[in-house]
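The form predicted on its own is given below as one chain in structure tokens.
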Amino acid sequence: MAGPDHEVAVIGAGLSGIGMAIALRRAGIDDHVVLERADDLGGTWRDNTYPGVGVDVPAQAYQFSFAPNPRWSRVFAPGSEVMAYVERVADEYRVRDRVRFGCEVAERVWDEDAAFWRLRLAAGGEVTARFVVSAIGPFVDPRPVEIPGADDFAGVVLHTARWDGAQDLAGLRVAVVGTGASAVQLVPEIVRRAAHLDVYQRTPIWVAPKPDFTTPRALMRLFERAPRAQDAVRRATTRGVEWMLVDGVVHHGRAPGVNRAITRLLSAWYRTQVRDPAVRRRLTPDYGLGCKRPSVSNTYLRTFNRRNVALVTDPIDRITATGVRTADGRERPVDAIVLATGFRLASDPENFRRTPVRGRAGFDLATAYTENRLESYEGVSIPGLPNHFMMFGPYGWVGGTWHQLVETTSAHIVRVVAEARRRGAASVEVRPEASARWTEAMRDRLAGSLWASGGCATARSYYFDHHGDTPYLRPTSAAQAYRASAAFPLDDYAFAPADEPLPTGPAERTP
């Protein structure tokens, strides 16, 4: 029987896919391909080009440890700089020559007899691979608009993830639907040109001050000449982000007063930002910091002091041909609607109904996610899916930045693939008991978290899945997760021998 087209196929050429391809190359696993549905790499940073887009964590933390950028222009880098960084890293490590653009994987099917995956493409044909790595990221596709009448609107409709830079909003009446992280960045930018702005808020978001400033040239030169100095800054910044975004949530039960003190400080800051007490009350969350993803901005809250801005908290009843009608019967005329309504998460079963993943013995990922509480092994592998890995699986978010997750997960995957080579195994699958044991340990750690405290009921947070669980975050430190990627018992996987010799190559990372 003929072998597969490639030893490893990586789905997605965003940060996850790029980092995975680099890890494979550095490990000497050269027969790999990256399948990207778009016509360029970059993922989130390719797709999100709305005004004001940028990182909401310090840029020194938002980079790979092996590819530092000494010339970030600001503490919080704009999106164009992040995209330039992504392209530079991909070119430096020769990732582009492994990417097939315009190749959307419509279905993944495990061929039990051949012991490899058949990846059926939306445009027709298929790619086969011994191993598959899903690197599609946490935010897969824009969430479908479920507002009645959305198709009836006669004006301009924009989505933050599908921004049309040629569309000028100058002098228009604009409605922004949604007040998440993208809206926090977008609203202060478009209000400068719009004649009037209505911001439709379902749930308020905690917005903290943004300690942003231009990077001094002397500091850039220091980082260029002394990479170890920048690495020390990167480590410290990353740990700080992790402490704010992870530790305070996971260890909430140990010191609940800390969260209450921080929210009181933020409430006091809100009083310095928003003059109207009634508007300020509507902008202030009634849940703890961390229940819902927070954001940072020095301008978002002050936007609501402007005379041409209205905060609308009445539920939307429908969109009409000329405006937006709320449940109280009032219709507000607008010329343009901006949808900042978020994305479908990677754990949403609908993703895998649209692009099915079918494993061993009839296993179907959409069905598993729908009917059962989510589980994984180390946030990477799921029983029933041999030779299949996820860069961001259940309980997979590591540390404070995406780059930490990518480096940790890719180290885990490379170690398993290298061991399969060493053993001459055609297939490798995590043992169900290992997956159940690890998942239960993660749930036990989360039992004392902010999310389990009962104080997040009003947050409407995507951290909670349709089973009521919070399988988004790995409740360990990033350092613990990285150590685990090098030390987890390889016998937690079942390796099945091959009838024919498999490719061999260096099992250890090479420079």
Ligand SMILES: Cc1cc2nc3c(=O)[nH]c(=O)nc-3n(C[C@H](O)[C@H](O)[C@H](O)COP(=O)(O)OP(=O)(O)OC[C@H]3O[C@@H](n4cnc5c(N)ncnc54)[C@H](O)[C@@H]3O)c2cc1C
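Remember, predicted model here, so these are calculated numbers, not experimental data. Start at 1 and count along the sequence shown; that's the residue number.
This next part talks about the form predicted together with the ligand, which is not shown.
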{"item": "One residue of F304, Y93, W397, Y85 in contact with the ligand, assessed in the model of the complex (non-hydrogen atom, 4.5 angstroms)", "value": "W397"}
{"item": "Contacting member of L169, A115, V140, V274, with respect to the ligand in the model of the complex [4.5 Å, heavy atom]", "value": "V140"}
{"item": "Touches the ligand in the model of the complex: P471 (any heavy atom, 4.5 Å)", "value": "no"}
{"item": "4.5 Å heavy atom contact, R280 and the ligand in the model of the complex", "value": "no"}
{"item": "4.5 angstroms heavy atom contact with the ligand in the model of the complex for Y369", "value": "no"}
{"item": "4.5 angstroms heavy atom contact with the ligand in the model of the complex for D465", "value": "no"}
{"item": "Stretch in contact, per heavy atom within 4.5 angstroms of the ligand in the model of the complex, of 481 to 489, 448 to 456, 65 to 73, 33 to 41", "value": "33 to 41"}
{"item": "Residues in 318 to 342 close to the ligand in the model of the complex, defined by a heavy atom within 4.5 Å, in order", "value": "none"}
